[in-house]
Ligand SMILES: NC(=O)c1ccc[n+]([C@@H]2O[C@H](COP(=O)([O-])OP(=O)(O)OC[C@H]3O[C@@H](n4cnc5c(N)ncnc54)[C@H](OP(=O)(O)O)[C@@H]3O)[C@@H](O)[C@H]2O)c1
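One chain is shown next in structure tokens, namely the form predicted on its own.
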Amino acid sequence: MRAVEYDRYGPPEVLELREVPPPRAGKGTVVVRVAAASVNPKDCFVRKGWFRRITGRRFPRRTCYDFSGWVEEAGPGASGFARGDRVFGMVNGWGGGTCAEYIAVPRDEVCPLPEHMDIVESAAVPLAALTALQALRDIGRIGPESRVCVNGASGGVGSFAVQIAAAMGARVTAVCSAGNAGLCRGLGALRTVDYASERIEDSDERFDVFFDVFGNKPFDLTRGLLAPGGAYVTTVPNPKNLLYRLLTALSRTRARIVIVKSRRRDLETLLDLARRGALRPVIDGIYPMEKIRDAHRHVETKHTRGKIVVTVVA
């Protein structure tokens, strides 16, 4: 089978499409014939070696964490799946590897995909939407009438965060470019802030949750925007954010980092939102697996409108 691998950390040019042995279904795992994967900022950060203290120096490594496709084989202890079932999901950890024609995935990281959902576009959902859901519901604890600000609202995680917050009844302010304001309003934002002409940190508004998806509005800059008992949530696990998390561990105003976990029950929650018309992926580009380097370059522009999908289809 074909899979994308790399033998050293570096730019997109390190990515190679290779012939490798196919996986086999072990205990509690499902082998999936991959229709599509998607590229997230995490893929680029890992490929560059930003997290090498976690990911180590063992190569080759593979890329991509999201997937959609069809069940090829279910191993012992992976009951409930049959060959040909449509599925999607996300692999946990730092190994990645879904940009491959076949993958072996623990059964709890695989979820049945309804027939009405496009199998290629569905690959754009898991990692970004799970991140948004877990940040807002589990860390931010939002509910009806919660005031939520999403910084980086038109990107992959941000576009899902706006929709999820709106579906939960929150009042959403989206920080984005003027060109993406219409998109964010269409996703459910009540107000948009053009970051080029207005500094959100200078606003008189107060939020129950400030979700810094983009990563350029740290806690020390935005803590004044938080209502009593409010939460600052970021996707960036850098030393500064880890320190703020520690310093506010016992504080009413919290600084937290969302570390996404693939859970079948959360994937089912996303599917329920999609069935109700409250959640849809925003796709900025679809690349064939042979163009994986271009897909990574697109994400690295930091101006992606929604998600980047990579078609595999063995």
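Computed from a predicted structure; not experimentally measured. Residue numbers here begin at 1 and follow the sequence given.
Beyond the structure shown, there is the form predicted together with this ligand, which is absent from this document and is the topic of what follows.
At a distance threshold of 4.5 angstroms between non-hydrogen atoms, residue 157 is in contact with this ligand in the predicted complex. Taking the partner from elsewhere, residue 302 is found to have a heavy atom lying within 4.5 Å of this ligand in the predicted complex. Under a 4.5 angstroms non-hydrogen atom cutoff, this ligand in the predicted complex has residue 259 among its neighbouring residues. Among residues of the shown chain, residue 33 is not one whose heavy atoms approach this ligand to within 4.5 Å in the predicted complex. Checking 192, 151, 163, 241 for any heavy atom within 4.5 Å of this ligand in the predicted complex turns up a single hit: 151.
The contact with this ligand in the predicted complex, taken as any heavy atom within 4.5 Å, belongs to 127 out of 209, 187, 100, 127.
Shown here without its partner, the chain carries 41, 45 and 131, all of which come within 4.5 Å of this ligand in the predicted complex through at least one heavy atom. Judged by heavy atoms within 4.5 Å of this ligand in the predicted complex, the contact stretch among the candidates 266 to 274, 22 to 30, 65 to 73, 251 to 259 is 251 to 259.
For the partner-free chain shown, 213, 214, 216, 235 of 212 to 251 come within 4.5 angstroms of this ligand in the predicted complex, judged by any non-hydrogen atom.
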